[in-house]
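Before any questions on binding or motion, here is one chain by itself as structure tokens, the form predicted alone.
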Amino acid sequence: MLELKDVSLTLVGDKGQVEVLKEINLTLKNKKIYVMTGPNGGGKSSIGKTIMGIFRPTAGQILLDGMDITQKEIYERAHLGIGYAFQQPPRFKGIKVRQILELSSGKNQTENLCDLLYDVGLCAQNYLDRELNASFSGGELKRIEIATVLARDLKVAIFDEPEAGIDLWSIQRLTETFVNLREKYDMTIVIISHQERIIKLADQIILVAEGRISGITSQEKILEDIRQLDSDCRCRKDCIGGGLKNAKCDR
């Protein structure tokens, strides 16, 4: 179980101090899939990075199975079983796909590595012995990074927009992988996403806006709200009124 208690985060930017997160309270249980969604810039990724230790909270506590990890470094949290897949994966040079998967999983059996790549929609024959360099597309790098996260025996896995840059077939493969992970391991899965197929996986939806948890709801409720928003908004996506039925468009 992962708990966030009154977690706040203030970062220093170009315009001085900015309060990014405000008194976040969450309890995330094992063997559950949570999808975190909401407006861009609302704080979703900041919550994930605070759990991972990339950001250090300015107030509050983070507990993993009752242990206070608020002040622990990223590597310490990784050893405790927390993993994070970035929205924009880092690029590597001089290392092969096989090597980075072996480092992540601690195994060098080709069959296991093939399964990891298959789960994210990549053919091992085409990728295992390729060097990770500028020849990889953003989508390919994203899938390989997700495979490295899946390779670890984690308690908490955080995926920041895993669908970014990935084709629909691979999204379907990823959704199946998330379901299999939940069934096989006592793992908490947190997915930051706006994608409907991902939302449909959720045991609970966490709504984040303006640095706060604005609500916790079911996938059925949020999907109904999305459908209602589409039907009410006259130009669907570009309404300055945020999709309200009588809003005037800016064009």
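Counting begins at 1, following the sequence as shown. Note that the structure is predicted; figures quoted are calculated from it, not measured.
The form predicted together with a small molecule exists for this protein as well; it is not shown, and the discussion that follows is about that form.
At the 4.5 Å threshold, heavy atoms of G41 reach the small molecule in the predicted complex. S45 belongs to the set of residues with a heavy atom inside 4.5 Å of the small molecule in the predicted complex.
The closest heavy atom approach of E163 to the small molecule in the predicted complex falls outside 4.5 Å. With a 4.5 Å cutoff on heavy atoms, H194 counts as touching the small molecule in the predicted complex. Exactly one of the stretches 33-41, 199-207, 217-225, 58-66 approaches the small molecule in the predicted complex with heavy atoms within 4.5 Å, and it is 33-41. For the candidate set T175, Q99, S105, Q87, a heavy atom within 4.5 Å of the small molecule in the predicted complex is found for exactly one residue, namely Q87.
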